[in-house]
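One chain is shown next in structure tokens, namely the form predicted on its own.
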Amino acid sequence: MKKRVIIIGAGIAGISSAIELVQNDIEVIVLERRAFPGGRMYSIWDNESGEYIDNGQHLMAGAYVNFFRILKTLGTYNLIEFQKSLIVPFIDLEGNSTVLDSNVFPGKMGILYGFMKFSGVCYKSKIKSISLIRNMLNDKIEIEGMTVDSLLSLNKIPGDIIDRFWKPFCLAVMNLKINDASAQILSNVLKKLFQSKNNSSLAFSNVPLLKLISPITDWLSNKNSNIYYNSTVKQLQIDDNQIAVITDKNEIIIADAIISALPYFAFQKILPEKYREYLFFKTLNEYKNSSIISIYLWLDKEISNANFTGMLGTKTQWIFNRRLICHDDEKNDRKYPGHITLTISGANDIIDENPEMLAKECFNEVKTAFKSDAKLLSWKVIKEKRATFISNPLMDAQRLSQQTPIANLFIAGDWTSTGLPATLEGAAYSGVLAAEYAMNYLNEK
């Protein structure tokens, strides 16, 4: 008889697990509380502008091999646009600009050369940072238990390059400030980015994010598996060798195994009380959140001719030109000629600020930096208070395995033990790991 696995949650982790299992001839039932898939990667319709916006602008990298495998399976990989090589422009409030450009030489040499040409920092700062990066790539430096801040301090990295490179880089890849971020996780990211020229190139979705993942519904249906939307799991039911879920409609659905692909705080709620006292599950109480703020601005004209730009010395960290990146609905250009997204990562200290004041303050920063007379016509602020977990050194060492003490229960999510930060790739990889553990269990059963 064909084995059945229930997956709770149709985010990237859950979808990744589902694809892996179905491709190994296992029936999958995915239960999703919302009416659409994608988890934190979703799009919403904005009535004022008449277009879709995402819950946040996702900057991807060529190293996202597990996430891109999902898109290739679903036939949406062609909707991703890749840089030919790593190019990252920056600008400060005075309008001074610089570019980290790896285009001159292929592979690692191009990145290192681009680093040396990076302006606004002294030669000594570049050499010291390159030396640190090389030591991390070659495992010639002890980083266990260290924050990025302490790593930079120990290696006497000057403040100019910390402000203009290390801080923005850490916020971009980990959604954390350097005094919180795990140096080990940062090292893992660098190793993946430096594996090949293609790995370090950045990528964007040419369509609203939901369209990348929405084919999963039909894909599963064609493989004799299903996603049931608007279906909330109230609790797990665990009795001896049998496991099941109880839904909000009081249905009991039995399976051979279950993969919970919920955020850690949601998983904790569906776990039966007696299991919460297990030492393994008590770690759930240690997880903390890091916030991201996305600000969508519609303007009377374009403000930049670059796809994206990092901003230095400002509250605004990144600006993305939606008119250049997203080609889904060209007719909107006529209503609002300019459309940009601003991103603020590691935003716990400002998450409760007034949205309108925040939007106008950040818009003024952008106008000043780009010396633009553009007018703000409309705005929308999206606050993700639980965008990611805080992967500091202590938490990173305690991240839960995808295999739990309950033999037929597995967990997936970017917060589980992947060695990666909380990104789309981290979520996708966790789904693969959870599926592998589940298949091992089913094969031994």
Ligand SMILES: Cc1cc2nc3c(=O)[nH]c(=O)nc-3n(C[C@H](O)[C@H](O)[C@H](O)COP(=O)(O)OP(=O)(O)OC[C@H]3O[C@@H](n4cnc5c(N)ncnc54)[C@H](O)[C@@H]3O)c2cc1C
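Here the structure is a predicted model, which is why all the values come from computation and not from measurement. In this text, residue numbers run from 1 along the sequence as written.
Only in words, not in the display: the form predicted together with the named molecule, which the text now covers.
Engineer: Spell out, yes or no, whether the shortest heavy atom distance between N55 and the named molecule in the predicted complex is within 4.5 Å.
Structural biologist: Contact with the named molecule, yes.
Engineer: Although the named molecule is absent from this view, report whether N206 comes within 4.5 Å of it in the predicted complex, heavy atoms only.
Structural biologist: Close contact is absent here: in the predicted complex, N206 is far from the named molecule, nothing within 4.5 Å, heavy atoms only.
Engineer: With the partner left out here, check for me: in the predicted complex, does some heavy atom of S231 sit within 4.5 Å of the named molecule?
Structural biologist: Output for S231 is yes: heavy atoms within 4.5 Å of the named molecule.
Engineer: Does any heavy atom of G62 come within 4.5 Å of a heavy atom of the named molecule in the predicted complex?
Structural biologist: Looking in the predicted complex, residue contacts with the named molecule do not include G62, since no heavy atom lies within 4.5 Å.
Engineer: If contact means any heavy atom within 4.5 Å, which of 27 to 35, 45 to 53, 390 to 398, 372 to 380 contacts the named molecule in the predicted complex?
Structural biologist: Going through the listed ranges, the match is 27 to 35.
Engineer: In the predicted complex, does each residue in the set L176, N199 and G346 place a non-hydrogen atom within 4.5 angstroms of the named molecule?
Structural biologist: No, none of L176, N199 and G346 comes within 4.5 Å of the named molecule in the predicted complex.
Engineer: Just to confirm, with a 4.5 Å cut-off on non-hydrogen atoms, which of S294, S102, T147, T309 contacts the named molecule in the predicted complex?
Structural biologist: Checking each option against the named molecule in the predicted complex, the one that comes within 4.5 Å is S294.
Engineer: So the named molecule isn't shown here. In the predicted complex, which residue out of I270, L193, I87, L210 has a non-hydrogen atom within 4.5 Å of it?
Structural biologist: Selected option: I270.
Engineer: Does any residue in 1 to 24 get within 4.5 Å of the named molecule in the predicted complex, counting heavy atoms only, and if so which ones?
Structural biologist: I8, G9, A10, G11, I12, A13, G14 sit within 4.5 Å of the partner.
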